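Given next, in structure tokens, is a single chain: the form predicted alone.
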């Protein structure tokens, strides 16, 4: 990525002028973390202590400001003149703490955090492992990888792939240019969309649920267990549709422009599969 080359160059310029900040302090049970970083990396890890440890590598002209306003702990690099350069953070928080991170040219990694999580970066990838609550991830340029998550989960990007595994809850995922892959997901409300990319959903289709998978220029694959109860509507204007024989698909309605629908079981769930230029596949798991 361009970010990697740029950040390495900045770090090299800092050379021996870099210094370390390392501090540990107790935090209240209802405390929240809010960390902002202009350029660099951020790694946040959930721990078992009621303390927060902040380690940062930064330029000698910068200092790490840690302030508390109400229940929110704010962390940000500051400089008397100009903007701080490249800062590398390693932060350990209580496992159940809510965390909010934002950056400009920043790679973000979060692991083992059980509280609500919000991560945003303009240019940089986002990796989350072991999420335990609601999740909101956003980046303009970079890949997004999410493992876990419970409750409301929202993921959005402009340029980059999105991968979600083991999530439980309402899911909204959208990107402009990139593939979307969901695996091992349990949800009654799924909305996946991309303009230029493929979509793969492997998870549950639950009675009464709503599932919408749309791509303008890409393939769509829905991998679910046989025996589901769903009304499935399909639209592909310049592509094809195929279903594994185990589903015994019977076309109940055919519309102009290659639109049709069919019912599996009681038809309780609603499934929409749509791509302008691509193949749509229904696979058994």
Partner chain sequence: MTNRHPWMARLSEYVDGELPADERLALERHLETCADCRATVTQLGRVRDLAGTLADREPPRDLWPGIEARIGGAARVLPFGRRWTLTMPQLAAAAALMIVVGAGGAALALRGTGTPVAGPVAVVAPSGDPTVIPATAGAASYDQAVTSLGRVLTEHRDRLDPATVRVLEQSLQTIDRAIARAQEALATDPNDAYLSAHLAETMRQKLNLMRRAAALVAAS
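Because the structure is a prediction, the values reported are computed rather than measured. Positions refer to the first chain, counted from 1.
The next section is about a form of this same protein that is not shown, the form predicted in complex with its partner chain.
Q: Establish, in the predicted bound form, whether 25, 48 and 92 all lie within 4.5 Å of its partner chain, using non-hydrogen atoms for the distance.
A: Not one of the three qualifies.
Q: Although its partner chain is absent from this view, report whether residue 41 comes within 4.5 Å of it in the predicted bound form, heavy atoms only.
A: No, residue 41 stays farther than 4.5 Å from its partner chain in the predicted bound form.
Q: Could you tell me if residue 21 has a non-hydrogen atom within 4.5 Å of its partner chain in the predicted bound form?
A: No, residue 21 stays farther than 4.5 Å from its partner chain in the predicted bound form.
Q: Heavy atoms within 4.5 Å of its partner chain in the predicted bound form: does residue 161 have any?
A: The answer is no: residue 161 has no heavy atom within 4.5 Å of its partner chain.
Q: Quick one: is residue 174 in contact with its partner chain in the predicted bound form, heavy atoms, 4.5 Å cut-off?
A: The answer is yes: residue 174 has a heavy atom within 4.5 Å of its partner chain.
Q: Looking at heavy atoms inside 4.5 Å, which stretch does its partner chain contact in the predicted bound form, given the options 214-222, 243-251, 27-35, 59-67?
A: In short, 214-222.
Q: Going by heavy atom distances of 4.5 angstroms or less, which of 88, 198, 143, 123 would be at the interface with its partner chain in the predicted bound form?
A: Answer to the contact question: 123.
Q: Check each residue of 225-239 against its partner chain in the predicted bound form and list those with a heavy atom within 4.5 Å, in sequence order.
A: Read in sequence order, the residues that approach its partner chain (within 4.5 Å, in the predicted bound form) are 235, 236, 237, 238.
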